[in-house]
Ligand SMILES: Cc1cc2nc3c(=O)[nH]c(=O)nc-3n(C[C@H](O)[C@H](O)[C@H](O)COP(=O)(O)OP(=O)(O)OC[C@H]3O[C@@H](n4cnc5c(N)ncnc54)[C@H](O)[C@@H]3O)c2cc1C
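Next up: a single chain in structure tokens, the form predicted on its own.
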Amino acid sequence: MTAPGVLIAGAGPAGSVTALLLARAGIDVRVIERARFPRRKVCGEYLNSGAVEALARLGVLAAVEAVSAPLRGVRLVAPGAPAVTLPFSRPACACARDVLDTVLLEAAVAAGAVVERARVEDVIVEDARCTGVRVRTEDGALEDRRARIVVGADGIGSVVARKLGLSKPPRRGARYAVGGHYAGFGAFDEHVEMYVGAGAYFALNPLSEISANVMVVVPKQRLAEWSRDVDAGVGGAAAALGRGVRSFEGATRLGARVSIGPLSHEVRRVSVPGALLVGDAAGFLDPFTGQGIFLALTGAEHAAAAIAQGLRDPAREGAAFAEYGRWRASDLTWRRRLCKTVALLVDVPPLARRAARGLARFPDAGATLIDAVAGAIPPQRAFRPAVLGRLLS
């Protein structure tokens, strides 16, 4: 088998978009993916305005819009505070991941990328450089695949990151999500709904007029307490968080229940000679603020540019990867701060009440906050005194 210029582990949004951009640049790309598409995946089905704009830049927005549902805003219900509705200033949508992932992978294949169905089990390192991966093929054989550059786009728990020694130990206190696709919740008026309290939340993301992505996110200890009856535990937590507005009563699950977690993944750095991480494999944000797909798409754009530069001029590979790493570290640091700030504003009752009053008095501050979360503006702008000061006035 001829070695490609780039070998990508994982065909999720980050891997497929990296492959798409490199293939369009005339670079030989092979994507290794263990699942057969379309695959069922329930996380990351909210596409914020930043993600929508990235899809437009990639030329695939029309294909995604044809199979997605528009979203007009988010409704937050925090403990001890009135419900707050934050409208989106730019288009956003919800799209089932089996559909989104297929659209992106098919676009990569149409551009010239090759897909191999296999499971990555190890990396190959020679003379302090990553030169390929070891895969388990469909017939069970263990084989080597080599390339000039390897991309780890294999998500939380990335095999590439772990085998290269880039992963950090899991953080204590990470949360877990339990839920799936449901029907029977009634009307959503094109708004994501978030019910928050006590370090947990109940999230409903409408995928169509009759179905929604519904998740209850809790600390690990609470999930362990549900071991005897997970459905009862999830239902009880949702009813308590929904405060009489929403619950699972009358809802019907469409397909199997899913559990995702721990919702945490951090890395020491995002590259070594010959290899680079992208998407969740390069660092994961708590999904509360819904930035996952946006980060996957924009991260892939930056990663593809760094890889292309390294292939054009091998002497510049280290500098190009380092520049990508600095961008990723800075962006992720600000977005983590934003996640923590929003979590405090909605999860601590005194702050939630003040923030609700501030949003009612200063809608422009709320618009800035939601635009920062959605990727429409840099996250740093949410920390200006004119924004946080008004929210907490």
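Start at 1 and count along the sequence shown; that's the residue number. Keep in mind that this is a model prediction, so the values were computed, not measured.
FYI, the form predicted together with the ligand isn't displayed, but the following is about it.
- For the options A251, L263, L166, V115, the one in contact with the ligand in the predicted bound form, meaning a heavy atom within 4.5 Å, is L263.
- Stretch-level contact check against the ligand in the predicted bound form with heavy atoms at 4.5 Å: of 147 to 155, 267 to 275, 218 to 226, 76 to 84, the positive one is 147 to 155.
- Proximity of R97 to the ligand in the predicted bound form: non-hydrogen atoms within 4.5 Å are present.
- Under a 4.5 angstroms non-hydrogen atom cutoff, the ligand in the predicted bound form lacks A238 among its neighbouring residues.
- The ligand is not shown here, but in the predicted bound form it comes within 4.5 Å of a heavy atom of P287.
- The closest non-hydrogen atom of A296 lies within 4.5 Å of the ligand in the predicted bound form.
- In sequence order, G10, A11, G12, P13, A14, G15, I32, E33, R34, A35, F37 are the residues of 7 to 38 having a heavy atom within 4.5 Å of the ligand in the predicted bound form; the partner itself is omitted from this view.
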